[in-house]
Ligand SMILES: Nc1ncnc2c1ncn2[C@@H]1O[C@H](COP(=O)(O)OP(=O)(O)OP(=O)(O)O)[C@@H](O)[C@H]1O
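Shown below, as structure tokens, is a lone chain in the form predicted alone; questions about how it binds or moves come after it.
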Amino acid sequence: MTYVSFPTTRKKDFTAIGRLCIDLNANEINRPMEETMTFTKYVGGSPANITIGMSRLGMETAFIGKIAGDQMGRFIQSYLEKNGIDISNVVTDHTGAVTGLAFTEIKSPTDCSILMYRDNVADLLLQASEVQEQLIADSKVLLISGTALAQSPSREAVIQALTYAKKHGTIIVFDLDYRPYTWTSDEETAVYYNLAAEKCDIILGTREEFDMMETFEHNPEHSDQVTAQKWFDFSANIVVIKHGKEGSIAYTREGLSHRANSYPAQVVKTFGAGDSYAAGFLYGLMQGWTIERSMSYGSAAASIVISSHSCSDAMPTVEQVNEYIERCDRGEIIPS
């Protein structure tokens, strides 16, 4: 059964808008950041990671965003180009804004945290007038992420991108990507998240992220069904709610819920799982697979990434995901 009908004759399979930043992942793991002396630099930001993941899976991809006019910005630009991502709508800032930094702490495979530097970042300075309507019209999918809604003018740029996507029949995916340090209040967050989500065809987030969106609503039991049904009354066809170790559940407009197998991993760190899951899941849907198969594919991609030191560099190819699934089926991957 097809739950989402993707446009067919488009130049781009997938375009994302939002955060482009730098991940600095700790090289000395199993210790707190205070004792970490060296880090390795990667391109980061959830929408960037998902786009890189889609590109590695063979999709024609593009990005809409703003980078700093410095060495870090040029590093991001070069990395996206090397990964085959169209950067014709990646704009360079000339106001002196900087690239956002995310330092990662890996105390243990299950105890990881991120220290963010997000003051005066270039990615939140994208203007609505800088968003190219034609690129969105030429794309099968537009992905937005919540962090880009946190401040103006990026907020208006995302809303304008949503308007273009609705106008041209581009499927809209919302990766909730809630980062509380970027927002000023729960009320502000809930209002803008809800305004954006009303326009989206596919919504992915954790139970906690959906709880944040329901600040003004009555869902005391934190019911997935109540949450999903709200968005089916707008534009959504699929709502994926993640429950940590318990796995993810995908709800559809027809009232069905879907679960899928997860895959074992030799876990190095926990971050990056959501981005690789999203790439694998969306890739599967765009191939016309069932929701369960798409979810399983996302789970396998996530297992590969959390078994690696990086997020963006570790995004797997189709061949790597297929090989990982086969190895799991043969019992060759033993969970840590």
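Just so we're clear, the structure is a prediction, and the values are computed from it rather than from any experiment. Numbering starts at 1 and runs along the sequence shown.
Quick note: we don't show the form predicted together with the named molecule, though the next part is all about it.
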Answer with open or blocked: the shown chain lacks the ligand, so superimpose the named molecule from its arrangement in the model of the complex and check for 3 or more ligand atoms within 2.4 Å of backbone or C-beta atoms. open
Answer range among 129-137, 154-162, 235-243, 216-224 for contact with the named molecule, defined in the model of the complex as heavy atoms within 4.5 Å: 235-243
Counting any non-hydrogen atom inside 4.5 Å, which residue from Tyr192, Phe75, Tyr263, Trp183 sits next to the named molecule in the model of the complex? Tyr263
Scan Thr206, Asn89, Thr252, Asn83 and let me know which has any heavy atom within 4.5 Å of the named molecule in the model of the complex. Thr206
I have Gly274, Tyr277 and Ile306 flagged as a candidate spot, so tell me whether each of them has a non-hydrogen atom within 4.5 Å of the named molecule in the model of the complex. yes
Applying a 4.5 Å heavy atom distance criterion, does Met59 contact the named molecule in the model of the complex? no
Taking heavy atoms only, is Thr270 within 4.5 angstroms of the named molecule in the model of the complex? yes
Answer for Gly247 alone: is it within 4.5 Å of the named molecule in the model of the complex, judged on heavy atom distances? yes
Residue-level contact is defined here as any heavy atom of the residue lying within 4.5 Å of the named molecule in the model of the complex; does Ser55 satisfy this criterion? no
